[in-house]
Ligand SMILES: N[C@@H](CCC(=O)N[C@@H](CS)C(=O)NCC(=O)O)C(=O)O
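Presented as structure tokens, the chain that follows is alone, the form predicted on its own.
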């Protein structure tokens, strides 16, 4: 079985996180465009891949993986030569998992609730992130030592966290603190990020021309 990753996504979706990750690991991949405007994500062909009808999804070595955080973690382990995850027996592995899951379980829900102007919960303890202020302050403190979430070593957790931080600032659901601005600006200088952006822009232009 080949090592190609089949990548189902739209260039204007959370799939951008995975697209960046694919460029970082150097995996051979085929981008299968799922046009969200024409509801491709709800067609039987795609629902057979991801019954949730959401992007992104990947298929690799016959296995379907969904959810951005899970895909980033999977790709880091599937392509270890890229060194985007600490070794299994490294103490840093726990810290890596901590921030990777913090991104999906606490930080993203906090900024999405803020973006949608959802009122504060009457019982903050019932929310995975507690409150917006705690989630953002916790991340700011973690990023302050820099240059990456694990210190000197860039990892899949940075792909995930930096993508969410950039999205939060773009949508004005996250205040543009210097620590957030410097972190995203630094990582967006990576060659893999620039390759992903160029390819993503080309795909978006092709989709616009075809519509």
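Residue numbers count along the first chain shown, from 1. No experiment lies behind these values; they were computed from the predicted model shown.
The following text describes the form predicted together with this ligand, which does not appear among the structures shown.
Although the partner is absent here, residue 182 sits far enough away that none of its heavy atoms falls within 4.5 Å of this ligand in the model of the complex. In the model of the complex, residue 36 approaches this ligand with a heavy atom inside 4.5 Å.
Residue contact check for residue 42: one or more of its heavy atoms lie within 4.5 Å of this ligand in the model of the complex. By the criterion of a heavy atom within 4.5 Å, residue 67 is counted among the residues contacting this ligand in the model of the complex.
Though this ligand is absent from this view, in the model of the complex it lies within 4.5 Å of a heavy atom of just one residue from 55, 49, 143, 166, which is 55. Comment: 67-75 is the region of 133-141, 83-91, 67-75, 115-123 lying near this ligand in the model of the complex, near meaning a non-hydrogen atom within 4.5 Å.
Contacts of stretch 3-23 with this ligand in the model of the complex, defined by any heavy atom lying within 4.5 Å, are made by 13, 14, listed in sequence order.
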